[in-house]
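Just the one chain here, the form predicted alone, laid out as structure tokens.
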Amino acid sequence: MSQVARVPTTRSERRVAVVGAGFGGLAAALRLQAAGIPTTLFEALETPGGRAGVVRTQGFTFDTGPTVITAPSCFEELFAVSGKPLRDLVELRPVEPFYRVQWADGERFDYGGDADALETEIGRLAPDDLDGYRRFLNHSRQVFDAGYPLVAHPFLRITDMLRVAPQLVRLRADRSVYHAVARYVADERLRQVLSFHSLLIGGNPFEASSIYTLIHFLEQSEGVHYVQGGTWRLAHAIADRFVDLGGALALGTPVRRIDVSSDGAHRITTDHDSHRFDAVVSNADVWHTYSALYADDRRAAVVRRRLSRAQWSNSLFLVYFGADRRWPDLAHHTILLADRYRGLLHEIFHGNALPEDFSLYLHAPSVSDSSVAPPGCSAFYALCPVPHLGNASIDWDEQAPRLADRILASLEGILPGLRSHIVVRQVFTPDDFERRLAAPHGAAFSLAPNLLQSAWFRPHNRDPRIPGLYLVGAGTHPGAGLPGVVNSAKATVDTLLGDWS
């Protein structure tokens, strides 16, 4: 991984600082540098990627964050802007089925991109809903056609929202994802299969806007992919390309404060230095941006008051583990759903304690990629949605080993004998999200993607009160998820360049 700690010194040129090297910050920095804007990217961690980090231990490699690539075209466009095709830097491998959904009684459903195979699965699970599914697919396509072009369009004025309001009303964006699905299919398990996707961006299917039903058509159109070697390789490829174009990458350099002078310049202070920039693109969480980076700016107080009343996404508990054997007939992505769906989700998003049961996402990259584990071994991570720290006061030092034990025991249903073969194990808790990633309340996806926290109602890509401050990442428009944060970079950089032109 290339690392450059220099700061451009050409005074005659406007310069931009990007704070945070998550995917949103990386994409914004690369777009700015490719546009000829001298850009410095500051990252508190020692490696780029933010949540998309990597853990290597005893021959195992674990992605620490996102593992599902649903819109490769976003990344193809990003690298094309930089002058080099994506395929020359990383390999994206299609995953089929996209997900295997399995319930506690052993029933399972392979959800993939082969239309005939998917309809066969639906016919087996819920034959009376086959026509309803086809109508839902058409609805998802309509939502995609109307909604997806908006994800890279910044909502900076209320008129931007009013312009698309008729479409949102027509598509009933006020409904939740689950209730939109339920209009078309009656079988409860098929409803779960078609509605769990909003959980991948921190949204409760019973509360997230039905605009997110577009994810189904997006997956059917572009597929689900895995980055060979791990998602972290994609983050490093963007960082390397940024440096190749002359960008300055300052890893292990947390930004402590940012002051705006009377002439509009932003002075960034780190532990060792301070630098003047003409604009800042913050990929830090929106709460951290306004409560820590711009804490002394009275104009930030307005946003802090609003965010103090916001609804935050759930948090996550993750177990990374490696085993000294392989298991046949295992899917790359498995969704393990508890007997409860609505009730468990309510406790995850609104409960004040750790639920007694859990649902899981199991990532098994060694199914597709032998490089992530020693020969004959398997690498996994299990992701468990849990309440964020603002809702539930949980002693994670005490609960983490217990919950990890319960999760690993439950996984023996699909991985027989698992616990006797584990050779390495680590956990990541909501406390880690808050301490290591500056995520408020340990919320794993920033603001929840509810209707009144989306589009114009979400913190804008350009701050309306602090000149020269722009936002990128999960907390601004369009929201969380890799397509979301990469498209936020496009919206934000286009806005900045338009302002400067």
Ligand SMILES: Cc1cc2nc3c(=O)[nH]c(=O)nc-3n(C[C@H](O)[C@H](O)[C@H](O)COP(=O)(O)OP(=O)(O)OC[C@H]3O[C@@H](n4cnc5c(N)ncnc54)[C@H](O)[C@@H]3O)c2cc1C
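Numbering starts at 1 and runs along the sequence shown. Remember, predicted model here, so these are calculated numbers, not experimental data.
Another form, the form predicted in complex with the named molecule, is not on view; read the next lines as being about it.
**Student:** Just checking whether residue 493 would be counted as a contact of the named molecule in the predicted complex - the rule being heavy atoms within 4.5 angstroms.
**Tutor:** Output for residue 493 is no: heavy atoms all beyond 4.5 Å of the named molecule.
**Student:** Do residue 275 and the named molecule share at least one heavy atom pair within 4.5 Å in the predicted complex?
**Tutor:** Result no; residue 275 lies far from the named molecule in the predicted complex.
**Student:** Answer yes if any heavy atom of residue 67 is within 4.5 Å of a heavy atom of the named molecule in the predicted complex; otherwise answer no.
**Tutor:** The answer is yes: residue 67 has a heavy atom within 4.5 Å of the named molecule.
**Student:** Is it the case that residue 436, even though its partner is missing from this view, gets within 4.5 Å of the named molecule in the predicted complex, heavy atoms only?
**Tutor:** Residue-level check for residue 436: yes, a contact with the named molecule.
**Student:** Would you point out which of 276-284, 367-375, 190-198, 241-249 contains residues with a non-hydrogen atom within 4.5 Å of the named molecule in the predicted complex?
**Tutor:** Result of the contact check: 276-284.
**Student:** Taking the named molecule in the predicted complex as the reference, which of 234, 293, 415, 151 has a non-hydrogen atom within 4.5 Å?
**Tutor:** Contact residue from the list: 293.
**Student:** Given the named molecule in the predicted complex, answer whether the residues 19, 43 and 383 all have a heavy atom inside 4.5 Å of it.
**Tutor:** Yes, all three are in contact.
**Student:** At 4.5 Å, heavy atom to heavy atom, what parts of 451-480 sit next to the named molecule in the predicted complex? List them in sequence order, or say none.
**Tutor:** Sequence-ordered list: 473, 474, 480.
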